[in-house]
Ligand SMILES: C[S@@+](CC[C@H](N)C(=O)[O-])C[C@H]1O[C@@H](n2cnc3c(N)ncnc32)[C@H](O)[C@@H]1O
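Okay, so here's just one chain, in C-alpha cells, the form predicted on its own.
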C-alpha cells in the first residue's frame, strides 16, 4: 500500500509543468462542484482545499466563496510549489497527505477536494478525518471518478474505482449526509489512442497506464472503441456533517 501511494505521488510530481495545460476536465468538474455548493451556502469562516494540485481548484474556490481563511493542501511538493506561486498570500499552502491527521477537531467550516479522493487508500478513514476537522454545521464537497469511468479502456489497465453506492455508504458510516449529488459525464476526443493516454500522463493520473503506453494500444482499448476518446464518469458530492461520531 505504501509503495502504491509512493507511485501515485511520483506520477504527480512528474506532471508539475504540464498539469495546467491538460486539466480542462478537472476545471470543469471543479466549477460544477462549486455551483452545487453555492445552492447550499456561500460564506465560510475557514476552508481547506485538499489535493489542491497546482492551485487551480483553490483559485476557483476563493474567487466564488466568501471566506476568512483558506488552506491549500497537497502531498506533491512540486505541484504545491506551482500553487504557492500563483495563489495569493492569504492562502496558506501545506505539504501533507490527506490520509494523515492534520487539523484539530472542529477547525474547518468547509472541506473541498476536486478529483483527488480516488487516490485514497482508505477512503472511509479519510472521511472520518474530515468529519473530525469540521464544525457541526460544516460541509464536505468533493468530486471523484466512479466505477464506469473510461469504458473505452479494458479493466486490467484501469485504476480501481468505487461505485457511487459504495462511496455513499462510506460517507454515511463516517457521519455525513449527502445533500446534493451529481453524476457528471464528459467525452474527450483525441487525435489518436496514444494521445488519449498521454493526456492522463500529463496530469499525473497514469499510475495504471504506464504499461499501457509501452504495449500495443489495441490491447488496451476495448474492441469497439474505434474513435480515440475517453469518457469521464465523475461523482460530485455536497455533504453536511451529522452529529459527532461516538
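On a predicted model such as this, the values are computed, not experimentally measured, just so you know. Numbering follows the first chain given and starts at 1.
Keep in mind that the form predicted together with this ligand is missing from the display, and what follows is about it.
Just to confirm, with a 4.5 Å cut-off on non-hydrogen atoms, which of 134, 72, 146, 115 contacts this ligand in the predicted complex? Result of the distance check: 115.
May I ask you to choose, among 142, 150, 119, 176, the residue with a heavy atom within 4.5 Å of this ligand in the predicted complex? The residue in contact is 119.
Although this ligand is absent from this view, report whether residue 220 comes within 4.5 Å of it in the predicted complex, heavy atoms only. No, residue 220 stays farther than 4.5 Å from this ligand in the predicted complex.
Check whether residue 26 has any heavy atom within 4.5 Å of a heavy atom of this ligand in the predicted complex, and answer yes or no. Yes, residue 26 is a contact residue.
Within a 4.5 Å heavy atom cut-off, is residue 57 in contact with this ligand in the predicted complex? So residue 57 counts as contacting this ligand.
Going by a heavy atom distance of 4.5 Å, is residue 127 a contact of this ligand in the predicted complex? Close contact is absent here: in the predicted complex, residue 127 is far from this ligand, nothing within 4.5 Å, heavy atoms only.
Answer range among 48-56, 190-198, 64-72, 35-43 for contact with this ligand, defined in the predicted complex as heavy atoms within 4.5 Å: Contact-bearing stretch, as computed: 48-56.
Using heavy atoms and a 4.5 Å cut-off, decide whether 161, 184 and 232 all contact this ligand in the predicted complex. Heavy-atom distance to this ligand in the predicted complex: none of the three under 4.5 Å.
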